[in-house]
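This document starts with one chain, in the form predicted alone, laid out as structure tokens.
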């Protein structure tokens, strides 16, 4: 994605440049073939209010985009009004209070760089150009989230504009029902985020990464090992296994074992990843790197270059799973054997939810392991070959799933649970209070009212 430049404007369907402006809001280079009637690139709250008024007058539904990193392109719908919040990208930091105020269009990379100057930290997304709007609404799986919690758990307040144009503040003590809904509802949220108030954390002194790379023939051994050590991996480590057709260094199908670590000291960082060096399958690895010092912002940029390049067509899907590894291995083999060309890949994340309950919020569904698949291709003529791959692979493993998470959702093609049933019912109730006319669109895969 590119940062927005210049003053935002209003685009109307059919005028010159409209299609280009609409498609520029999406990181996914696929053209879904749908268009809103109007796109508003808001510059301030007054323009947001006028956009909502236009939508109400025309009986249009509203979809919202902050950074456009929705793989499913949830914000691109036929008809209605598309509201872009990309220019709400301000950052204000109070180092003494360890609080930041940021706009929903702010990129995680920009926030991380600003916080580094104050030796502070926030668990931003893994890709640098993910904006905070959608990232925090869906939960926020970021750097350090296994230890610090989901990024949305560090949200202490939200400034919102409701369907009727009123501006309100939501927090644990003020409009707590809105605050509850905003933390985990993702594309099902029913207000416009104008500003987030964030609790900040001390910056880890040691940020680094260690890797092992294996040929694909060792898939069973690698995943059995990862499953066995999963519960004992320190929470400062985000153990990831990537199945890829072109693994780093061996340039052939393989598995990249990646262990980013964020720790208070280098001694603790080295100890936290010792399980990599001492692994009984190390002898099978094509190579093992040392623990390499690496800033989180650089980790994000490397991930973009290697796995999330621009101008690529995407279809992604995912599951949360607690299933036994023997039940999952056939599906993992099917993923590896049918994967589209690189940089397509699959991510196995050793998540292991914390023992203590999370705060009461809409987010309510997770499991020990997270499995996501990312189909990528560069030409429109290959849509028919690859567009269904991710959907098919996760549908085949549905029996082992407890649900999905909204970061890599595919709800338009494969509706699935993304929160507990009771939470979804509560979310619908709160929505009825604040958006009874259904101004804001529901998530893909759920019929609009």
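Everything numeric in this text was worked out from a predicted model, so none of it was measured. Positions refer to the first chain, counted from 1.
From this point on, the text means the form predicted in complex with a small molecule, which you will not see here.
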Contact label in the predicted bound form: residue 254 to the small molecule, heavy atom within 4.5 Å = no
Look up in the predicted bound form whether residue 386 has a non-hydrogen atom within 4.5 angstroms of the small molecule, and give yes or no.
-> no
Find out whether any non-hydrogen atom of residue 27 is located within 4.5 angstroms of the small molecule in the predicted bound form, and reply yes or no.
-> yes
With a 4.5 Å heavy atom cut-off, would you call residue 127 a contact of the small molecule in the predicted bound form?
-> yes
Of the candidate stretches 187 to 195, 241 to 249, 165 to 173, 210 to 218, the one with residues having heavy atoms within 4.5 Å of the small molecule in the predicted bound form is 187 to 195
Does the trio 66, 74 and 141 actually contact the small molecule in the predicted bound form, every residue with a heavy atom within 4.5 Å?
-> yes
Quick one: from 121, 308, 179, 348, grab the residue that has a heavy atom within 4.5 Å of the small molecule in the predicted bound form.
-> 308
Students should find that, of 373, 319, 262, 85, the residue having a non-hydrogen atom no more than 4.5 angstroms from the small molecule in the predicted bound form is 85
